[in-house]
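First, one chain by itself in structure tokens, the form predicted alone.
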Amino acid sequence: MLKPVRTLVTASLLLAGSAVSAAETVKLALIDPLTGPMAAAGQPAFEHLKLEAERINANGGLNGAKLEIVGLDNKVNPQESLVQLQKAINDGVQLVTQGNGSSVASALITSVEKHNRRNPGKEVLYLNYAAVDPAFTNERCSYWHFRFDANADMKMNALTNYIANNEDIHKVYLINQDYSFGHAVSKSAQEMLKQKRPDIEIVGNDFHPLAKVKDFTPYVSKIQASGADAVISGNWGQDITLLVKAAAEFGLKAPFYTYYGASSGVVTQLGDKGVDRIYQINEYYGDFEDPEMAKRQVEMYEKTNWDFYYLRLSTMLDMLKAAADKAGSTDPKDLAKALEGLSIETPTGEVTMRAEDHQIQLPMFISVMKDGMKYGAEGTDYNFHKVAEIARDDVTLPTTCRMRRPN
């Protein structure tokens, strides 16, 4: 059941209750879309980081230093992202994070590598929280890049295991954004379904421009005509919201198996039409069984009007703190060394940053949109209920990374 949506609050949160000295501050720059059509993906990440930085600081900060979050708007543009990266470096920032857009991540990895080769002693560390092109922790792995989200292949491995066990699914339609990530999702879906359920037919494989489509009805019409039993999509930002909205309005009954179906705006756009139809593979879900997680969901929505969606951002900051405390330093070189192989406990179990490729290893969950949830998303009673848990060892995939480490 829908409830009135409160006015968006974008004002910065005040750092309060800090238990660290203000004498030393470590800045972490978020380079993500904070304005424009994809801002609904970047703004909740920005607010999440600021809220969780308060918790980190109240618990001693990074080896005693205060953590400050800086937001830099890249408009999901790789070239603009490099401008913002240089701006951060010029301001003395040595820790950067980004998640929205593997095209952006690709540019950042290359630029950070080049900067670090040319500026020994002033290295920059790139913490990737959501750009999931598998190449970044395989053939393009970098010592200065750490990924805190499962990559596209890991997610598809878990998702296709679930789909393969559904004997009602015989025809699958693929629709994805037309860039490296979308093609990676499509490729892995085809390969893994062929291996696990060779009887499943791929009846469509569409790619569309990133953040350009305003009306997905023509695509939905093709899906309907194909007779698909299910749709797989890695779409994110407005592209997933508008896609599932168009499907609901068109009357398409096929369920959507998604990477980001619980993104901001989906539940308010779909309402009852999304119940039992929108599935998501993610590191968390909307039941908030853990009392501490439930507390953070309530607190974050009250303060920012955004949901506590990115558990991986909390995990990223917790691992950063653990690495800084372990190393006794906040220098990027020391942090990188300490992060390799680091394990911590999270609300969903132990996670480990694999040293070989800097790819986090973590449990995953499949959830489906439901009504009457105790902790509703976006001020509604809708949220995503857990229907499957995939153990960390079953999410893990081998890597082809041949890491080149600095001397």
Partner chain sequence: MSDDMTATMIRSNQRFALRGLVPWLVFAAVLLILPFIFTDGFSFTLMNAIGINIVFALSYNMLLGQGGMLSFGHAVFFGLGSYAAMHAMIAIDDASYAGEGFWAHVPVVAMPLIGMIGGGLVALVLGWPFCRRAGTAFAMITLGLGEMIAAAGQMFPSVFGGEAGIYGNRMVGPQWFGLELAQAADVYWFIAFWTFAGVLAMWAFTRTPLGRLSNAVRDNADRLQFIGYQPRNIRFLVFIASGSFGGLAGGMAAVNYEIITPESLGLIPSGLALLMAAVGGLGVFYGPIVGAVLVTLMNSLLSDYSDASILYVGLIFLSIVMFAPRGLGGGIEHVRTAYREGILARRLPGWIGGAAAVLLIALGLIIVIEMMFAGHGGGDTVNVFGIQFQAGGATGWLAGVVALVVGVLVMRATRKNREVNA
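Numbering follows the first chain given and starts at 1. Bear in mind the structure is a predicted one, so any value in this text is a computation, not a measurement. Rigid core here is just the name for the largest C-alpha set that superposes within 1.5 Å across the two forms.
Not on display, but discussed next: the form predicted in complex with the partner chain.
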item	value
Contact assignment for the partner chain in the predicted complex, among Q238, Q84, S142, N157, heavy atom within 4.5 Å	Q84
Option touching the partner chain, based on a heavy atom within 4.5 Å in the predicted complex, out of T217, N161, Q269, N77	N77
One stretch from 59-67, 33-41, 369-377, 352-360 that, in the predicted complex, holds residues within 4.5 Å of the partner chain by heavy atom	33-41
All of D149, N165 and S188 within 4.5 Å of the partner chain in the predicted complex, heavy atom check	no
Contact flag, T110 vs the partner chain in the predicted complex, heavy atom cut 4.5 Å	yes
The partner chain contact at S102 in the predicted complex, heavy atom, 4.5 Å	yes
Heavy atom of A336 within 4.5 Å of the partner chain in the predicted complex	no
4.5 Å heavy atom contact, S180 to the partner chain in the predicted complex	yes
Displaced residue check between the shown form and the other one: Q177, CA, 2 Å or over, core reference	yes
Exceeds or equals 2 Å, Cα of K122 between the shown form and the other one, core fit	no
